[in-house]
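Here you'll find one protein chain in two forms, each presented separately as structure tokens under the names structure 1 and structure 2.
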Structure 1
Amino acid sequence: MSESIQALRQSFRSYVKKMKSYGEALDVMYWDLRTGAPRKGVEARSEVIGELSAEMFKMSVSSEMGRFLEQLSEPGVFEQLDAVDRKLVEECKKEYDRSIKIPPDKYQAYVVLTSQAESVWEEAKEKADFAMFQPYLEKIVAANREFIELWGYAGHPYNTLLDMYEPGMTTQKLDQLFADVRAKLVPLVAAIGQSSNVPDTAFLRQTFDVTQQKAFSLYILKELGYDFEAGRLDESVHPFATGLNPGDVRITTRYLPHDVTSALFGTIHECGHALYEQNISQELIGTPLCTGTSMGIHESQSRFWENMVGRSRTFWKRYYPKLQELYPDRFEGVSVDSFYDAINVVQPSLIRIEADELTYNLHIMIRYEIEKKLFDGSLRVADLPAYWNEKYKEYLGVVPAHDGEGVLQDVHWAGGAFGYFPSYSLGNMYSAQIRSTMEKQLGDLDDLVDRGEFSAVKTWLVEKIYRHGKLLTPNEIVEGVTGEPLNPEYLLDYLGKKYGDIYNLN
């Protein structure tokens, strides 16, 4: 590499690192706001966040960034770069090309709009008043449709939104994936509904001392290999994980006094996200590649640890005695098998975030159908509540009593995060497919869990997925690991076996 290219590369790296510094500062402030920042300081803090976000955005579309990308993309230069620098140039260019197309005043107005919309949504949900939220949602959809025109798109307009969360994903692929899943899932859910085996879950809803719940969450985190020297566990209204850098990946959970598993599975879910981010290669630190490659792959890891490990029978053979020890008088006469059945009960319901592992995918498909229609113009915002209720009836057999438990339940749309929902189901599909390869190489997962060999599981995932951060695309990851593109059959196979067993369907 010539000295001048070396110098150019260095300057670019410094520039990118500075941007990433703003990102970490912002992430610390968001974390802080969600884990106990005092109420009266929130307004001033929002302005601080606004100032730094604007600065970071400016840097991402500055003429300086434009020059870096132009010079580094020249074939004679680009081919001299190593893999990390190449990917870095590509990622920054993708971001630059998107952002530069949106006029700054439109972007600014959109940021203000979504920020206001989130407050309005909160109140509208509380009051179950869709009309209150409707004008905001209409503006947000309109703005996104305008952005899509500016960005351009191939195939369906919605594709360009999908690509933001799952690079390379399209409606064409998703239509097929979801059709396959739905074809097997709907009859499976119906069969479960007719099964005579209805797990008893009443014992999960007693009073459970929160201090003990916390102790148990911390204990399980240690067992799973979460590194407490590179993270911490706090409390927040909605559990989340935030990777400031691989040495500082924090998670939160929420302890409910009348629900012994909510905090625990929240913890394990976020632990999955955190194991991913704690184990990204050091060489990616200080770059935008130091994160998960997509929301789908990220969710595959949270769901792998939460559902395939944490909701497995062998996991509870191992840890149920510990839980019983913490609550000596709460599980009398409840066998580990009854406990296992109870934490895996299937029940079509209205609220996505409370849904079981199986019906969860149906909640996602409804949102996917709606988003697709909003962006090809075949569904108006005003008609959303009716369409929502109709779909819930069709897919899940339940109808919301009001919009608060219906169309208003999720915050995503208020924040403009269209295209995000499919990640959750993609995560389920990815995790089952990855698990299948893992078992070919390491042996049966249930056996590994039975023996507490989480370290072997983690090491395998670090090697195959975590260390790469965003250096590989989701498709490169899944094909690299499993030898084929995303295939929903693994998920269907896994769900069929697991729930067939619990509900005696065979």
Structure 2
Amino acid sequence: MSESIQALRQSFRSYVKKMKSYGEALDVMYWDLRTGAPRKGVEARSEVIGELSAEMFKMSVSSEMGRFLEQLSEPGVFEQLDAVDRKLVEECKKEYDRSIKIPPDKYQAYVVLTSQAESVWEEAKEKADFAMFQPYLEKIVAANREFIELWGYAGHPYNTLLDMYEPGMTTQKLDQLFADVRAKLVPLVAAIGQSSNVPDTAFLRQTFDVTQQKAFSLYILKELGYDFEAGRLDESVHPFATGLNPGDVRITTRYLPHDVTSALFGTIHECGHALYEQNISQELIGTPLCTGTSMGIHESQSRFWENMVGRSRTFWKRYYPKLQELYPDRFEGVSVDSFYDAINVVQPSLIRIEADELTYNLHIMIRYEIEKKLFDGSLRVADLPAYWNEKYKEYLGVVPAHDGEGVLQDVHWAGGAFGYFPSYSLGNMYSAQIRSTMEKQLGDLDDLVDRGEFSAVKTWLVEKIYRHGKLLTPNEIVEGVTGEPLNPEYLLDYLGKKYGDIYNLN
């Protein structure tokens, strides 16, 4: 590499690192807003977030950034860059080409809007008052529609939003994937509903001391390999993970006094995200490549650790005695097999994050259909509560008693994260496919969990997925690991076997 190109590369890296520093500061502010910032400070904090976001946005579309990308993309220059710098140029150019179409003042106003909306959503959810949140959501949807027109789209308008979370994904592909999954899930759920083998879950509906719940969550996090010197566990209305850099990846959970499993599985879910972020290669720090390659791949890890590890029989053979120690009077006479069946009971429910592993995908399909309609103009925000309730009755046979347990249950729309929800189901599909390859190379996952060999599992995932950050695309990850494109049959086989055994269907 010539000295001039090396100097250009270093200047570009410094510029990108400065942008990343702004981003890290913003992430800390967002985390603070969601974990206990005083309500009266929300408006002023949102303005500060808006100002800093605007500065970061201006840097991403500046003439200086444009010159960097033009010069580094020139034939004879681009080829001299290493793999990390080439990918960095490609990612920054994709973002530049998209962001340059958005006026900075509109972007700043949008950031302020979503920051305020998240706090309004918290209060609206608590009061089950959709009318309080509706004006904010209408503005967020309208802004995204305007952005889509500026960005441009191919096929369905929603495709542009999908691509932000899962590069290359389209409504055409998702419609087929979801149709394939739904065709096999619905009969399986129906067969389970007719089974006489119904797990007893009464013992889970007791009062469980929150202090003990927190102690157990912390214990399990350590067992799974979460690095507390590079993270922390806090509380929030909706569990989430924030990766500032591999040395600071924070997670939150929500403790419910009458549900010992909600916080636990929420914690394990966010741990999966955190293990990914904590183990990205150090050479990617200070760049936009220092994150997961897509939300689908990210969710594959949270769903893998939560469901395939955390809800497995072997996991609880290992850790149920510890839970019994914490609550000796709550689980007296309850065997580990009974506990395992209870935490895997299939029962159509209202709340996505508390849904069973099988019907969870139906929750996602409802949100997917709603988002598509919001952006093709066939559904108004004002009609969301009624449409939500209608789809829940159709898909799951349940109807929310109020909007707090219905259309207001998720924070994603308040933050403008349209196109995110399909990532959860894609994550389920990816995780089952990746697990299949893992077992061919490491041995049966249940045997590894039974022996507590989580470090071996994590090491394999670091090598195959985590360390690459955003260097590889989702397709490159899944095909590189498994040797084939995304295939939902692995998930369907896994679910059929697991729940067929629990409900004596096999």
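Rigid core here is just the name for the largest C-alpha set that superposes within 1.5 Å across the two forms. Residue 1 is the first residue of structure 1, and the numbers go on in sequence order from there. All values reported here derive from a predicted model rather than from experimental measurement.
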Taken from the structure described, the form predicted together with a further copy of the same chain is structure 1
If you line up the core, does A417 shift 2 angstroms or more at its C-alpha between structure 1 and structure 2?
yes
Comparing between structure 1 and structure 2 on the rigid core, is the C-alpha shift at E126 2 Å or larger?
yes
Could you tell me whether the Cα atom of S338 shifts by at least 2 Å between structure 1 and structure 2 after core superposition?
no
After lining up the core, report the Cα displacement of V112 between structure 1 and structure 2 in Å, one decimal place.
4.9
